[in-house]
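The chain below stands alone, shown as structure tokens; this is the form predicted alone.
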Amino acid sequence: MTAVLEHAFIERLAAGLPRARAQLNRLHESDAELVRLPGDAGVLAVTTDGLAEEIATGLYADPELIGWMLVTINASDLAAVGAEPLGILVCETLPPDVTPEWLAALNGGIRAACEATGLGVLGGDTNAGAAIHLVGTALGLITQGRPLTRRGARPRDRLYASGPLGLGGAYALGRLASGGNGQSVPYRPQARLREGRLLRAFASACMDTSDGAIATVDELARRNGIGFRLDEPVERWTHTAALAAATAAGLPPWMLHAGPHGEFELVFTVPADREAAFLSAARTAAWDPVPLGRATAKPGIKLLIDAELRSLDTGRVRNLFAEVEGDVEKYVAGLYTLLSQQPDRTAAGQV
């Protein structure tokens, strides 16, 4: 598999740094850091994530949405490990020309997301700087059962998503592509905390789609030394608004899942012998998870595109956006080239 450039960078940063003795996860193994608490208190889930380049590039411009996303990106990491939310710390670096109206809208977004996720603001820090840079640190608790991680998936496990995918890619396309304004695609992702807690009883591995669906599936494959066949047609698991955006842009829907900006759904595996019980529990919870495919013993990702099961070098897909320095038009052209270089294909009827 093609090495992921971001992984190498993170590993260089982390090299030689001490890990907490009570920490349960290793690097890249879970969306939140997992720390065993003394005695029988359970597991503390801690995550930190920030917004800087998303603001600088104009991906997020509305201060209310910025506030919403600051909380949601952290809450989604708690969801992916199945934690009960405790609270969030907020660090704000702001330029001196920020207006009171902008700050009020930012706080409105933070407040709305906290109310939606059950995270209270525990405190934080403020700094002055030349550019807006916001960081959240969220805490959650798992008092019973095991936390979810990215490890544990096995061949023949079923692959699901917590909801339709592609809306994050469609939103980014509208905001960042030439002439795009992002206004035609509604974007206000919800952290799937309730679903994450339910999944602790059934899922073998879980991760959120903050970096896009294809990157998420690729990462689950890497962490578990397996492959995935996404043999449900892409159109069935793509959000209707994303399908409309792809049609308007003249793009195949799968490309909206390839970009590095996601919709903060959960992608997870369920062993075949737990699938019936999982689906029953989901129905009871009024939740309709979306089937994507299944895990395979043979590494590699295959995606059903135009009635053909196509191999896709998902490591190269993940590296491509950085290689073209965020140029959306070059990125799309590169995706077409990558797919054309994958000769392995199987007709849908032979899957």
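Numbering starts at 1 and runs along the sequence shown. Because the structure is predicted, anything quoted here is derived from the model rather than measured.
The same protein also exists as the form predicted in complex with a further copy of the same chain; that form is not shown, yet it is the one meant from here on.
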item	value
Contact check for Asp157, Ala201 and Glu232 against a further copy of the same chain in the model of the complex, heavy atom at 4.5 Å	no
The unique member of His133, Arg151, Arg197, Arg222 whose heavy atoms fall within 4.5 Å of a further copy of the same chain in the model of the complex	His133
One residue of Ala61, Ala52, Ala322, Ala285 in contact with a further copy of the same chain, assessed in the model of the complex (non-hydrogen atom, 4.5 angstroms)	Ala52
4.5 Å heavy atom contact, Glu33 and a further copy of the same chain in the model of the complex	yes
Interface membership of Arg19, a further copy of the same chain in the model of the complex, 4.5 Å heavy atom rule	yes
Partner proximity in the model of the complex: Ile214 to a further copy of the same chain, non-hydrogen atom cutoff 4.5 Å	no
4.5 Å heavy atom contact, Ala276 and a further copy of the same chain in the model of the complex	no
Among 311-319, 62-70, 288-296, 35-43, the region lying within 4.5 Å of a further copy of the same chain in the model of the complex by heavy atom distance	35-43
Residues in 196-217 close to a further copy of the same chain in the model of the complex, defined by a heavy atom within 4.5 Å, in order	none
